[in-house]
Ligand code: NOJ
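First comes one chain, alone, set out as C-alpha cells in the form predicted alone.
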Amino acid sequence: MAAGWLKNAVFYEIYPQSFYDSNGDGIGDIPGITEKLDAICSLGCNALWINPCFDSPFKDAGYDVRDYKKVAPRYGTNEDLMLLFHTAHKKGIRVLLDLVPGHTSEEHPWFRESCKAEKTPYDNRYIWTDNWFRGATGLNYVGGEAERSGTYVLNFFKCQPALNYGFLRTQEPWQLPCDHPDCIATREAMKDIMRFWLDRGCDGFRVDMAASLVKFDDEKNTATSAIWRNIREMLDRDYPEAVLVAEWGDPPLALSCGFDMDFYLNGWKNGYSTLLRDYEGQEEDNSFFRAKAPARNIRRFLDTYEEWYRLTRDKGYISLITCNHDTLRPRYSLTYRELKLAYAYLFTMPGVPFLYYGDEIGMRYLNLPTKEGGYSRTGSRSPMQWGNGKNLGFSTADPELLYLPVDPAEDAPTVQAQEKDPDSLLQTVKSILHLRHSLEDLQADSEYETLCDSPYVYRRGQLILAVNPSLEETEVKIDLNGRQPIFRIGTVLTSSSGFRLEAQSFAVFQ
C-alpha cells in the first residue's frame, strides 16, 4: 500500500526554468523555488514534483540527462537542491524529483563510452545492433553517429538513446534477455541514482515513460513490471516512506508493480481526459466543464475512471491533474468560472491530485515557437506570473534574456492581483484545498460513489457533492438527510425533496 503521507497530499508541479528566477539571469532556479515555498504552502499544496533539474544539454528540456547526480548549473548546485529539501521538510512539504530511467542524453558518459570501437564496460548499457548497416526492426534507431559498428535504439528524440533493460523475446543475436548481467547492471545503476537523491533528502520520484524499459514486452508489460517490483522491494526495505508516481496512464497495471500513484492520462491520443478539453471532438468541444458544450457527458470520463478506481483502491492512487508540462493549459478552452468548477471537482475526488504551476491563476497557453524540444508543448511552459512589475515578477532580467516570454496581454493573470480579489480563481483554489485538508472525507482514501450522472452528483464518505456546469438551473431529487451546504460556488437552495443548483454551480453537503 502507498506511503501514509500521501493520504492528505496535494502536489504542485514545477517546471523549474519557468517558476522563479532568483539571480536575474532570466531562467528559473532551485533557490527561486525555495524562496517561494511559503506561497506554495499558502495555496494548500504540501508536496512538489519538480521537472528534470539534472545536468543536461537541454535538447528536450532536461529529459535528456547528461549526469543524474548533478544539478544543472543553470538551476544552481546540489547543495541548493539539498537546502530545498531541508527547507521544504521544515514547512511540511515533500519533494519528488523527475526520474528518466528509459534513456539518457547522447552526451552522457555511459553513451560516449558505448560508442567507442573498442570494447568497454558500457558496451551493453544501451541497445546497439551488431553492424553499422543493420537496423533495429520495429524500433526507432540511428546509425552513422559513432565509431562503433552498429546502430542504436532511441526512446524519443535522436538525442535520447535507449538504456538497455533487455528484450522479453530475443529475435536477434544483439538482443539481450532481461536477466543478462549487463541488463541487470542497468537496473542497478538506476537504483544507485535513486539512492543518491533519497539519501540527500528527496522523498521519491515521478518516473518518466515508466513503461518504456524492456523492449518487445507483452501487453501486460510483464518484464518491465518485474523491474519496477524489484525496485519497489529496495525502496520498501531501505526507504519505506519514498514514493513513486508513474507516467504510465494505466493505474491497474502501474500500481500492481510497485508504484504508489499513476496519472489518469486517458490515452496518449485523446489527451488526459474529456473533462477540461474535448480531445475526441472533431467539430464540437463537448468537454464536461464547458458551459456551452452541446453534448456534455460525464460518462466518457467515468466509464474508465470508475473501473480503474474499483481495481486500484486497495493498491494505491489515481492522480488527476489540472494539466502538465506536456498538455495544453485548461485556460485554453475554459473560462475562469468553468475553471473554478473543474478544480472544485478535481480536488474533491479520490486519489492524489496534481496542480500545475500557474493553473491556480488561470495562466494562458501561449502561441510560442519551440524551445528545447517543446514544440506545441512550449506554450504551456511560459514563466510564472507573480506580480504586476517587470516580467510579471518572474525575473529582473531584460525581457530578451528570459527563458520564455511572459504573457504580453494587459489582463495577464497574476498572483498579486488575485490575492486581493476574494472572488478570484486563486482564492477559490485556496478554499477548496483548505476544505480538502480539513475533511478526511475529501482526502485520498475516502470512499467514492456516483449518485447521479445528470446532473452529476457523487458521494465522498458521508459527504454529498454536486456540480452543474451548464448554463441552466437544475433540480436534484436526492434526499440529503439533513445535510447542509458547507462549500459552494454559485447559489444552492435546499428543500425537503432535494436541492436546486443555479447555472455553473458546485456544492458540498455535510
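Numbers for residues come from their place in the sequence shown, where the first is 1. Just so you know, these numbers come straight off a predicted model, no measurement behind them.
This next part talks about the form predicted in complex with the named molecule, which is not shown.
Chemist: Is Met209 close enough to the named molecule in the predicted complex to count, meaning some heavy atom within 4.5 Å?
Modeler: Output for Met209 is yes: heavy atoms within 4.5 Å of the named molecule.
Chemist: Could you tell me if Lys340 has a non-hydrogen atom within 4.5 Å of the named molecule in the predicted complex?
Modeler: Flag for Lys340 set to no.
Chemist: How about Glu247: is it within 4.5 Å of the named molecule in the predicted complex, going by heavy atoms?
Modeler: Yes.
Chemist: How about Gln160 - does it come within 4.5 Å of the named molecule in the predicted complex, if we only consider non-hydrogen atoms?
Modeler: Contact with the named molecule, yes.
Chemist: Which pick from Asp326, Glu107, Glu419, Asp123 sits with a heavy atom within 4.5 Å of the named molecule in the predicted complex?
Modeler: By the 4.5 Å heavy-atom cutoff, the listed residue in contact is Asp326.
Chemist: Which of these residues, Tyr239, Phe301, Trp174, Phe156, gets a heavy atom within 4.5 Å of the named molecule in the predicted complex?
Modeler: Spelling it out, the residue with a heavy atom inside the cut-off is Phe156.
Chemist: Tell me whether His89, Arg94 and Lys430, taken together, all sit within 4.5 Å of the named molecule in the predicted complex, counting heavy atoms only.
Modeler: Per the other structure, none of His89, Arg94 and Lys430 touch the named molecule.
Chemist: If we take heavy atoms and a 4.5 Å cut-off, which stretch out of 56-64, 479-487, 441-449, 28-36 is in contact with the named molecule in the predicted complex?
Modeler: Heavy-atom contact with the partner occurs in 56-64.
Chemist: Are there residues in 374-391 with a heavy atom within 4.5 Å of the named molecule in the predicted complex, and which are they, in order?
Modeler: The stretch 374-391, when checked against the named molecule in the predicted complex, contributes Arg377, Arg381 at the 4.5 Å heavy-atom cut-off.
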